[in-house]
Ligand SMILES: Nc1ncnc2c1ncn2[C@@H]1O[C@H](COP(=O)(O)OP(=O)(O)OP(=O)(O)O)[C@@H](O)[C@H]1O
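One chain comes next, on its own, written out as structure tokens in the form predicted alone.
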Amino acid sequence: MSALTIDKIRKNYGEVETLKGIDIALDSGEFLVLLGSSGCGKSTLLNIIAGLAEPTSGDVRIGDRSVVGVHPKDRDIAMVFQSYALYPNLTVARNIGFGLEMRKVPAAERDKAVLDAARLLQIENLLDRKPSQLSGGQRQRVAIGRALVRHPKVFLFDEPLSNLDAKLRMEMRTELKRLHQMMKTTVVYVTHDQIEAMTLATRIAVMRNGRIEQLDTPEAIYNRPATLYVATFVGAPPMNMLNAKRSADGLTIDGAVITLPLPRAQRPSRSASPSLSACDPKP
């Protein structure tokens, strides 16, 4: 049974179709990164999983339970936002434990959960401070701690590192990777940063115009892109593209023939000369 199933999800805003039939199934403990440029639909999909938006059609299941129409607080998920969303008048300890407090968890149990999360994130010395007394990296740790104490079935991250400087982003990527390896929790993580995606993910869904161009491991996305868009979007610098014609002798580019070491079974007949891109993974 999948930990999270996204089944034929579509989302329309009036006549504008933002998501065009998204299908994803995540096993328990997977770290999925939704990667794409602004406007591709990745944050809309995350909001539908969280219950902050409802799909026009399709289903979202957490475990074996459909959660379409279920209130966010009843979905057994925890979300970490880009803006931290901390309560400025509460201490770090109360920010981390606020969700448990609202659920009437006994004080002793709540205090233990807060301390355990703080130790895991190495912020136990900050529990008495207010958010205004913290650095950006420390605030993000508090936001993650607030999600950790709930022990949800699925963690959702909406570009959580985009407000940090380059050094802090690198440190927090390492921290998130360590936490995931320790806790083995299912994660859905939205970003437009390729480095974050390649570093953190067990699988990446590259999105474009409301569709998934490729859903695969980081290694496969990088080395075996399924489409020209993925080939040009992932990697720095991006792949070079050349117009070419294929024949039994190889590729013809600007009049020059480049011999390809293809097995005989994969060679086209001498009469065939289809046009293709030089980065086609199956020449």
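Here the structure is a predicted model, which means the values were calculated and not measured. Each residue number is its position in the shown sequence, starting from 1.
Although it is not shown, the form predicted in complex with the ligand is what the next lines describe.
- Think of it this way: in the predicted bound form, the ligand has a heavy atom of just one of G29, G63, G235, G39 within 4.5 Å, and the residue is G39.
- Residues placing heavy atoms within 4.5 Å of the ligand in the predicted bound form fall in a single listed stretch, namely 31-39, out of 249-257, 65-73, 31-39, 217-225.
- Although the partner is absent here, R119 sits far enough away that none of its heavy atoms falls within 4.5 Å of the ligand in the predicted bound form.
- Using a 4.5 angstroms limit between non-hydrogen atoms, K130 is distant from the ligand in the predicted bound form.
- Interface membership of E175, defined by any non-hydrogen atom within 4.5 Å of the ligand in the predicted bound form, is ruled out.
- Although the partner is absent here, E159 lies within 4.5 Å of the ligand in the predicted bound form, judged by heavy atoms.
- Contacts between stretch 6-21 and the ligand, counted in the predicted bound form as any heavy atom lying within 4.5 Å, involve Y13, T18, listed in sequence order.
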